[in-house]
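The data below hold one chain only, encoded as structure tokens and taken in the form predicted alone.
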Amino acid sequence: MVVWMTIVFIESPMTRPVHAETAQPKRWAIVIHGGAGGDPSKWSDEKRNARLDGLEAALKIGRDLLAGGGSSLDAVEAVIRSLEDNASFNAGRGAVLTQAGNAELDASIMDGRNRACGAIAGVTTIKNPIATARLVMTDTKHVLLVGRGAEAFAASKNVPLVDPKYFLSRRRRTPQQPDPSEHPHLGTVGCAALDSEGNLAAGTSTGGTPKKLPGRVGDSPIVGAGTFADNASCAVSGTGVGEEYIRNAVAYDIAAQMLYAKRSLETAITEIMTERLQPGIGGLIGVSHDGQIVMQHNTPGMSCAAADSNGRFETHLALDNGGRPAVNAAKPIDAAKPINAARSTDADKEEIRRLIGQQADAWNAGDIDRFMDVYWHDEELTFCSAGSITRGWTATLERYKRRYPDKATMGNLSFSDLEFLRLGDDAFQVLGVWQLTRDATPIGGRFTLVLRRFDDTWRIVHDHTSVRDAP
């Protein structure tokens, strides 16, 4: 919040910075999914462990490639190849079967640098569809090849081909004996990645839906529906009922919301998952151009995993609240759920006091991420100080972390003399005094916050800070 102004004071033309900005390591991020669908709590331990092991192995492949300076395209292809080779997932070897009892596979991949893309659909003999999709992108003038034409192209490129029986070889159940614990529409596999050069890529691969009509094609090979990547916005992969993703142009719509409505990746995906798609349809993963990772689903579960250059490494079979934020920032402020006008001003003041105190506690514990939890997680957040404006939650977080790399530089923060002015049922203005104490010269000043209520939670949407000389 207000502590940012410490730097403005110290770095005036008449003083030497306490610590100069140094070059930051190049950032990378990766997120993967192994399909949305059934409730993992109803699965056997063997099945849960197989999924988690497969996710972890694939994520390590992508992480190691990106950490070593590899490209996002290479990471996406390698991760998806790993999942295609694992019969625990509905892609490649583990693909579900059509009504005719055979596997028909689809895949797509997209390069965020130039929107180059390639896809194949309805193939029965290509071991790793994602690799052939990439060759369509790089070695032809086309985007999508299907059926025998795609397989002939693959053969001409000497990619591994297999007997169609390969996709049946590790099954324990026949098509007539479906797993009763399985969700009716088991998903796909996918990956979205940002490399250290700032390039995005995404890919998706699938066997489709169980017992589909022969020749049915879903969203996975449809660029703009199940896959999309653009360096200016995000990389996205979807999983679920493909027809709904096609009808709603889901993957492209997320990028469009970011480009034209200036929404964050999380806001755009939340809008799709809560407003556009009906419950039980599927899930989405994405990485924004600045490295924000989002994973959400509106099915009982979604196998997913994420890693980044900050040390994050996690795998899941389902996410709390489907991965959606506690505050639904997808809706504009004036479109938030109706507010209970009867709620007392005193209760609101106490809640805001608690949140501001929570910020001080987080700061004094050296936890900038938790400190930022009270801010509106949206790119429309504004922070003003010394005549300059920083826009967006992500930009604000990154600036704090550059300026305050450790606890020693953060010092101890306190807030006092809070004054409240209600601006309607869903807004408050809060004035107060801040003080930063550390080994360097202690300073402080005043701040003005504007908070808005989303559902039953308050968030800072605007922060303006001034500085006074230390006493």
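Residue positions are given as counts along the sequence shown, with the first one as 1. In this text, all values refer to a predicted model and were calculated from it rather than measured experimentally.
The form predicted in complex with ligand ASP is left out here; the points below concern that form.
- Picking from 239 to 247, 253 to 261, 368 to 376, 286 to 294 the stretch near ligand ASP in the predicted bound form, with a 4.5 Å limit on heavy atoms, gives 239 to 247.
- The partner is absent here; in the predicted bound form, the one residue of 399, 113, 353, 216 having a heavy atom within 4.5 Å of ligand ASP is 216.
- This chain appears without its partner; in the predicted bound form, the one residue of 301, 208, 118, 92 with a heavy atom within 4.5 Å of ligand ASP is 208.
- Taking the partner from elsewhere, residue 187 is found to have a heavy atom lying within 4.5 Å of ligand ASP in the predicted bound form.
- The closest heavy atom approach of residue 220 to ligand ASP in the predicted bound form falls within 4.5 Å.
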